[in-house]
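Only one chain is shown below, in structure tokens, and it's the form predicted on its own.
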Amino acid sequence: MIIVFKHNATEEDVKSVSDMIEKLGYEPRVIHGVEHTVIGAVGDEKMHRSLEVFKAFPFVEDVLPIQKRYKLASREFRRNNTVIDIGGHKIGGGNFQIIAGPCSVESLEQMQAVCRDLQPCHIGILRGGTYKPRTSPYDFQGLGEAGLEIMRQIKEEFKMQITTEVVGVNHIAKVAEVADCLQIGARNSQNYNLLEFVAEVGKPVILKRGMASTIEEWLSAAEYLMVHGCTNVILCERGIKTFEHATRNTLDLSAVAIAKKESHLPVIVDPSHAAGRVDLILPLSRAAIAAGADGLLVETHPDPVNACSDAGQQIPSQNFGAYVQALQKVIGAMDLITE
């Protein structure tokens, strides 16, 4: 349920309702909006008393049920777009970011070369996998802690924000020491135990859509993070498995439009994993921006031919400036802020 307050409601009024909601067995989530203050009451009405009683309060405008299974992530809970700040780089609400870097961290020299190519492109958030969940146990699994140490050095040297994937509960603390934003990959998007522990870290999270997840399942996974205290969730569409083999996955841009309609959370797109082919990354990126994406998560490598993973889908980092320049007309047409 959502309790909507009138314009003249005071902080004392809001606190008194919040306290009562807790006594009734719910968890109150207060949001101060431009027009209204609202409280989202999280809990099961079948187990507790109804919140309809608050309609009688003179400073309450309305009490509304949330029809979606994902409540905190829904537009019903928050009408305004959420803007997430990662070290001064904003995503959502008209703010657009390109997050770029190699699929895997392979060496300090590799990451230094990537950053030297990305910085002139004004890329402020660097991606790079240190723990890699791979389909085959014989594929490169990442450098693990050694990769995190490389990312730590890169962060200090180039003053960039870092995002990297968490693949297990036992890795969370180590990754959180270095990363400014944690990433949940497609394979773990419905690993609810992992989501609960990641939420407790208190850092922004990029949540990729599972390769076979419906949009409702994707948003419900975001709900797991939000219920456990992580309000800064970035949804990432990365393509789903279909019968088509021309691309690695099928990029579902309708999911971007639907997610932005259903949820207040920012939505970014990973064209690299969707395409699996470097020649398709630019057109898919343009299409994602036109569909309303708040950002892109793109793979780039100084020497893709010799990359330890995903060689065919990584833009040569020396060409990344041309890729960014080729996006500018669409970014401008969508009136997006890229600072």
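The first residue of the shown sequence is 1; numbering continues from there. Given the structure is predicted, the values throughout are model-derived calculations rather than measurements.
What comes next is about the form predicted in complex with ligand PEP, which is not displayed.
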### Task
Select, from the options 169 to 177, 195 to 203, 226 to 234, 127 to 135, the stretch whose residues sit within 4.5 angstroms of ligand PEP in the predicted bound form by heavy atom distance.
127 to 135
### Task
Name the residue from Ile162, Cys103, Ile86, Leu219 that puts a heavy atom within 4.5 Å of ligand PEP in the predicted bound form.
Cys103
### Task
Taking 4.5 Å between heavy atoms as the contact cutoff, choose which of Asn191, Gln110, Gln183, Thr82 touches ligand PEP in the predicted bound form.
Gln183
### Query
At 4.5 angstroms, heavy atoms only, are Arg187, Lys208 and Glu299 all close to ligand PEP in the predicted bound form?
yes
### Task
Give a yes/no on whether Lys71 approaches ligand PEP to within 4.5 Å in the predicted bound form, heavy atoms considered.
no
### Query
Looking at the partner-bound form in the predicted bound form, is His264 within 4.5 Å of ligand PEP by any heavy atom?
no
### Message
Using a 4.5 angstroms cut-off on non-hydrogen atoms, would Arg238 count as touching ligand PEP in the predicted bound form?
### Response
yes
### in the predicted bound form: members of 270 to 295 within 4.5 Å of ligand PEP, any heavy atom
Asp270, His273
